[in-house]
Each structure stands twice: as structure tokens, then as C-alpha cells.
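Before any questions on how it binds or moves, here is one chain, the form predicted on its own, in C-alpha cells.
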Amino acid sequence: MDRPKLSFFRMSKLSGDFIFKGVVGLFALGIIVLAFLLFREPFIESQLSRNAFGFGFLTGSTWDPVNEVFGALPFIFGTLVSSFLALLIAVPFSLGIAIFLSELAPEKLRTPLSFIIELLAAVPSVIIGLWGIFILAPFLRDYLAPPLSTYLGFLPLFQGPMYGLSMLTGSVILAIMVIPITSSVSREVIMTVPTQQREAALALGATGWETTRIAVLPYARSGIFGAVILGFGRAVGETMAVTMVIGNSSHISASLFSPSDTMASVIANQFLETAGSKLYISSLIEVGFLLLVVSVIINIGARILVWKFLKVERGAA
């Protein structure tokens, strides 16, 4: 018995499905290829620097383009310290904002406040950098640095003159840029906590603060940690704003009042000045490759934590 032949309309529909799958599959494959090239090109172009300095590139503290001696330790130090300080400043604010918006804010305030926070994340970094130069840096120099130097000057962190453009200013700017993403993700995570958790705590006589502390925050802990790591990734990779206010000095100093530099800012400042030296170009590209690796690792870890938490919550629901 002969099989029924497919109609022309059915064959056209199957061909359309096949073409559609092929096209969107190519788009997805293009992302993978682009990610591969993002790693491949800096790795290849930094080979000259790796051959010249080896592991000493990570531990060397001298950055001397004239004598072609390059060590990235001051920039690694500046990146990690400024990002860590930014988290110390931003996390309490971000967590407070997330708790208020998800647990305490009236409905009339919740939506506009959430919109303002998301709008802050959309402000171009160069605008925040200009604000940091003309408003934040003079404020820290004239009003915050003197009492810190007076009362905490026995600590190396608060010694020396404060000129405005410094590690402290760069860290505060980074904190301002980290707050929107950290608070937004933390808010979404807290809102996924089942209502039964809160009702059970309230039924046992807990106050609003005790309910948040005992029933909500422990439940959302891994998601909040993921939000913090996402904020850390944003701080590590930020370029323009921190370049404008950190002072751009390739020296390691224990004082927060001293100028410093980051991996992103040294590339932004010096890459156009390297036309006469291939080793100089290769060294800057290696700094960029290190920054890329660190940023990708941080963001992957954070997204895995958030995804795992949200998956568990949805499964439980």
C-alpha cells in the first residue's frame, strides 16, 4: 500500500521550520564564536609580553615604558582594592534598599523607587565620572578626609595628604555604580521567598524585623550573595568613571588618600600612546586579558548562584 504523499503546503511548512531553526542556530553559534574570539585575540596578541616577563608580569610592580619593564601588580592591586572597598560601601545600602522595596515600602512608592534605581544604572559612566570630579572629589577632600585623618590617622589607610582624586574617590564612585545592580537583583531574590515563610514567623510572634532577619534573609542568602558577586564584577570591569577620579598612578600605596590605577583605567589611558613599542602594546593587551578572565569568572560564578537559587525556589513552588 502506497504511503500518502505530503501536501505542498505541509512540505513548505516543514522547510520553513528547518530554515528558521538553521538561522537562529547560526545566531546562537555566532555568540559562541564571538566569545571564543574575545579570548583568542588578547591571548595571542599578549604572547610577546608573556614570553618577555612570564609569571613576573603578575608580581612585578614596575611599569616603565621608557625602559620597557612592565609589571601589572599595581593595577591588579588597585582593581581589587577599589572593588572591595566599593562592595563594603555598596552592600549595606543595596541590601537596605532591597529589603525596603520588597518588604516595607507602600505599593505607591515601590514602583517609582524601583524605576529610579534602574534609571541610575542607565546613567552613562562618563557622566558619573564628571560628577565625581566636580562634586564628589572636592567634598571628600574638604569634608571627609580631614576628620578621617584626624581621628584615624594612626592607621596607614588614612595617612598623607588628600588631593581629591584618589583610591577613596574611585571606590565611592564604584559603589554608586554597583548599588543599582546589586539592589535590583537582591530585591528580585527576596521577592521569591515564599509568603508562607513570612506568615509562619509572624504566627510565632516575630516582629517585622525579626521576620525579615530570621525567615527571609537566610532563605535568600545564596541569591543575595550572587547579587553581590555580580556587583563585584561590575566594579572590576568599570573603566571610564573610575579612570576619571582614581588619580592614575602606577604605585602601590597603603593610604586611601593616594592616587592609584586599575587594570581598566591603565588601558584606557595608555593604549593610544604605544605606537612605538610592540612590547608596550603586548603588555597592555595582557592586562586586558587578565581583566577579561577575572570578569568572566566572577560573572559566571554569580549567575550560577542566582540561577541555582531561583531554580530551587520555582521547583519548590
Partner chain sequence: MPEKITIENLNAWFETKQALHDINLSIQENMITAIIGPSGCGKSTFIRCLNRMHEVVPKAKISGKVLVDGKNIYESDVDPVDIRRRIGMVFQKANPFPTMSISDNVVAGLKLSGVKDKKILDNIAEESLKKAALWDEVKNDLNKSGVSLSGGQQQRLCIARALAVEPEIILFDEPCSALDPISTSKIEDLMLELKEKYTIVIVTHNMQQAARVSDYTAFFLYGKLIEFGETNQIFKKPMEKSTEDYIVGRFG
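Numbering follows the first chain given and starts at 1. Please read these numbers as outputs of a predicted model, since none were measured by experiment.
Not pictured, yet referred to below: the form predicted together with the partner chain.
With the partner removed from view, the residue among Ala203, Leu88, Ile135, Leu152 that has a non-hydrogen atom within 4.5 Å of the partner chain in the predicted complex turns out to be Ala203. None of Pro156, Pro218, Pro161, Pro112 but one reaches within 4.5 angstroms of the partner chain in the predicted complex through a heavy atom, and that residue is Pro218. Screening 72-80, 142-150, 208-216, 167-175 for residues having heavy atoms within 4.5 Å of the partner chain in the predicted complex returns a single hit, 208-216. At a distance threshold of 4.5 angstroms between non-hydrogen atoms, Thr192 is out of contact with the partner chain in the predicted complex. Within 4.5 Å of some heavy atom of the partner chain in the predicted complex lies at least one heavy atom of Glu199.
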